[in-house]
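The chain below stands alone and is given as structure tokens, in the form predicted alone.
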Amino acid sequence: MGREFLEQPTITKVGIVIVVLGFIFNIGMTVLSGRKTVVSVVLLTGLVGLAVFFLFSFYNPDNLVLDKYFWWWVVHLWVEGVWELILGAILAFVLIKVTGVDREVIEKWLYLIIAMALITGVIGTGHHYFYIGTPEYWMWLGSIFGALEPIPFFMMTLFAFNMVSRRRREHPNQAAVLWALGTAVMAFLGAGVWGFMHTLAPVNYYTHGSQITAAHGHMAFYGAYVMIVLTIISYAMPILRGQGNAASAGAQRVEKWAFWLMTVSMVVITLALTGAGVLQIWLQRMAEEPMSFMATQDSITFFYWLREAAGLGFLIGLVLYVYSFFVGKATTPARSAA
């Protein structure tokens, strides 16, 4: 269909819908048969939202402005709308388990975070509507609500560190605690700070589609998507494997090395792409005699090589993370998982 990220043939899209509905049915029946908590309801709401907004991928109007308008209903509202519900729910679940803080306290934080996420994220879709043929009021709505989008991510960071500081017990799975804190910080930096850098319409006029966008995308995806998945894996894997509440001290040590290698490497990748983006904008879009695209790319190759080196560091960290599953034996009896 020629639509970035939504280029799947229609039959493939139908298959995706069937699989996602089956997944949501599985999760939904699990929630219905168990304890209904704020965390599980928020998680299920986010998953349903993912399925609903994907349906707009079937709508492919001939008008290019309408095409892009509704295209963002999938891409943006997945990332900066319903995914924040899923992220908040998973983070809240892990923090309940590893800190022992009262569920009611964590749930109040979760309510506040998802309210801000939905208020800013839904209307904040407008920061993608700059200069594509939509009415001028989107310049204001997109800029204002796009600028407010870092707030729920900042609240998530405060939430995570506050809960860990108020913990009632030292959970043996310190690697999972580290991932949980890292998720909050990197999501705020990537989605919040780097997102804010180019969300205002006058700034976005120059930065749109540059390496600044790539820098934001790399850190935001790692912080808000990858790290929360690794957080829940880190918490659940020892229990699923019958190792108890935590893997061995040796395995956790390797996992922490993996955390720092991947996270520091991603920071370097982001800074390299940011440097490339700033130089690209200056040479190609703001100079008195702008350079061509390819000439500009030749001028910023140093940043690409730096990004490549950091990418190799990230790969080493990922290998270490997988390797940590096979290190040593659990120190906690399996029955303690209950």
Partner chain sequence: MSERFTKGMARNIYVGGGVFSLLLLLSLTFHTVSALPERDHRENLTPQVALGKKVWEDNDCIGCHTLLGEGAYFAPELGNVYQRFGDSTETIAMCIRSRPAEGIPGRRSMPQFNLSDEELNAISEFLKWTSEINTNDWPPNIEG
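Note that the structure is a prediction, hence the values are computed from the model and not measured. Positions refer to the first chain, counted from 1.
The discussion below concerns the form predicted in complex with its partner chain, not included here.
Asker: Where, among 184-192, 146-154, 125-133, 252-260, do residues come within 4.5 Å of its partner chain in the predicted bound form by heavy atom distance?
Answerer: It is the stretch 125-133.
Asker: Since exactly one of 173, 211, 265, 199 fits, which has a heavy atom within 4.5 Å of its partner chain in the predicted bound form?
Answerer: Among 173, 211, 265, 199, a heavy atom within 4.5 Å of its partner chain in the predicted bound form occurs only for 211.
Asker: Using heavy atoms and a 4.5 Å limit, would one call residue 141 a contact residue for its partner chain in the predicted bound form?
Answerer: Close contact exists here: in the predicted bound form, residue 141 approaches its partner chain to within 4.5 Å, heavy atoms only.
Asker: Consider residue 160 of the chain shown here, and say whether it contacts its partner chain in the predicted bound form, taking contact as heavy atoms within 4.5 Å.
Answerer: Residue-level check for residue 160: no, no contact with its partner chain.
Asker: Even though the partner isn't displayed, in the predicted bound form is residue 118 close enough to its partner chain, meaning a heavy atom within 4.5 Å?
Answerer: Judged by the heavy-atom cut-off of 4.5 Å, residue 118 is in contact with its partner chain in the predicted bound form.
Asker: Is residue 85 part of the interface with its partner chain in the predicted bound form - any heavy atom within 4.5 Å?
Answerer: Yes, contact at 4.5 Å.
Asker: Need the contact residues for 89-117: heavy atom within 4.5 Å of its partner chain in the predicted bound form, sequence order, or none if there are none.
Answerer: Result: 104, 107, 108, 109, 111, 112, 114, 115.
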